[in-house]
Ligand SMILES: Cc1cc2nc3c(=O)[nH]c(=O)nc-3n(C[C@H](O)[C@H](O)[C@H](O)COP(=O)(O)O)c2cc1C
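Taking the form predicted on its own, here's one chain by itself in structure tokens.
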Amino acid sequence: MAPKNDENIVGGIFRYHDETKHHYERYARSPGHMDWQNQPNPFRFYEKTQVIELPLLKEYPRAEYPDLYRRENNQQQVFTIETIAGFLELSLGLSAWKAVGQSRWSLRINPSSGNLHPTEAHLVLPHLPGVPGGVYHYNAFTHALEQRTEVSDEIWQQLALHFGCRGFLVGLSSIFWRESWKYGERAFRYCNHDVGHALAAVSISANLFGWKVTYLNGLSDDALDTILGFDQTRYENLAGEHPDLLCFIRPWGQSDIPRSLPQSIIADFAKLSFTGTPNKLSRQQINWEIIYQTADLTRKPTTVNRRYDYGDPAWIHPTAPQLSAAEIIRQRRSATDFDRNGSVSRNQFFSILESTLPRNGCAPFDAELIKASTHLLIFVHHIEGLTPGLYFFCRNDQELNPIKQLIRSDFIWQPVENKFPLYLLEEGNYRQQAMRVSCHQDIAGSGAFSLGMIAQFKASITDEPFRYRHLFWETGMIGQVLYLAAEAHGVRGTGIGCFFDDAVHEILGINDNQYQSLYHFTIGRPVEDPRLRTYPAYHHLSR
């Protein structure tokens, strides 16, 4: 852990954050144009590896919308290559192809800023019938596993003994160049949003198979480099994979597990020989130095195992959408336009917000990434039965009073409903202001509501600099839940990474960095683009 008084590390992170803020008078530095001839390949392939083609689901898990989060109704599946393939299909696989004119592109289950997909996934599997134990890269384009190395039964016996149960490991990593090609210096933020989206997608999909995801929060990034073979792989300059996290997936209901791995097991992975040549992503990579400097500053050291207790607040706004859980996952899309007259009901709105509250035993937040550090500043435009205005949704009641003392004293903090952490701050029409602070984007003001995710910032990073990434991961997890909740209620959401940071803080009266807005989101009744054609996710595969 970096010392609390290491001003170089913490100051460097704060400088990155300040320098990559958008302002009314200037935007953060970016290429300023789209160099289409140099656009990175959205798919990573490890060439010269043994490839295991995965089967596609013949039928979806029998689960309804509440079962995305709750566990008691989901039947526990045995770990087989078929069930693991289904888990990947509903978490990190393709969801569809879109086309307009001569242009054609794929969509994925896990969202990505600009559909650029800097997040890669790797699995560490035990021996399964027909599949040797090993470290594998998941190729979403081919829905296949690319074997990087074999992992012996002896290592897996040690892993099973360490965790006290059977399971497998999933790792996530980021390729910053995929995002900086379009967004420049602000791309580091967006890559970490995407990690959060992917972690939530993994946790929710595993839940449908009766499994639980736990983030191994004690591991260092150096350990991840070793376990996933990144330190043995020759990547093109600036096209390497930055380690993000490693999770253990096990049957739900098993006893609690350690949040790290012993050095002896990490040393065994260091002895393995990794194969595979990473594919060339683009003609050339542009070095946005501040991204790689900040990635170095936020590398995670080995830390003590952490367990988080989120409590178990009651679900007070149950809903029963018609779509199954898997259908909701597969049809998740980002809206591009909203019906300005569209609305959602008060109960739907409350149900959507309620899904973002962390709870023990409920996916995705019980992966135990971080204490609940992010809250929602909400611009309510058109909620039936609710006064338009500015609202605040507090996801951690321990932070409510400190936030009240920090922000504007003239806010009324009127509770909207008993035992529900939603408060009216100020009545009024906030459509124009919502659009203005979200980089003048109409979509932030034309839906039923939009929001900014306000995170406890300074204290988190001063104590542990790597938490800078974790805060963005948490906002990405919230974003994924909002996407699915919107689909379940017949509306649609869109994540917004472009906003004027300090203009949002001014609305609240924040004049320092104790709290910062890290991600915006908007939900409404979508207006479909009739020019778009849709094709099945894996129609390009012969199988």
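These numbers come from a predicted model, not from an experiment. Residue indices: 1-based, along the sequence shown.
The protein also exists as the form predicted in complex with the named molecule; that form is not presented, and the subsequent description refers to it.
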| item | value |
| --- | --- |
| Every residue of G114, T494 and Y519 near the named molecule in the model of the complex, heavy atom within 4.5 Å | yes |
| Options 440 to 448, 212 to 220, 308 to 316, 237 to 245; stretch whose heavy atom lies within 4.5 Å of the named molecule in the model of the complex | 440 to 448 |
| In the model of the complex, the one of S460, N74, S334, T142 near the named molecule [non-hydrogen atom within 4.5 angstroms] | S334 |
| Interface residue in the model of the complex among L390, L107, M435, A121, criterion: non-hydrogen atom within 4.5 angstroms of the named molecule | L107 |
| is_contact(H193, the named molecule) in the model of the complex, heavy atom dist at most 4.5 Å | yes |
| Any non-hydrogen atom of H197 within 4.5 angstroms of the named molecule in the model of the complex | yes |
| Partner proximity in the model of the complex: Y483 to the named molecule, non-hydrogen atom cutoff 4.5 Å | yes |
| Contact label in the model of the complex: C498 to the named molecule, heavy atom within 4.5 Å | yes |
| Contacts with the named molecule in the model of the complex - residues in 399 to 433 whose heavy atoms fall within 4.5 Å | none |
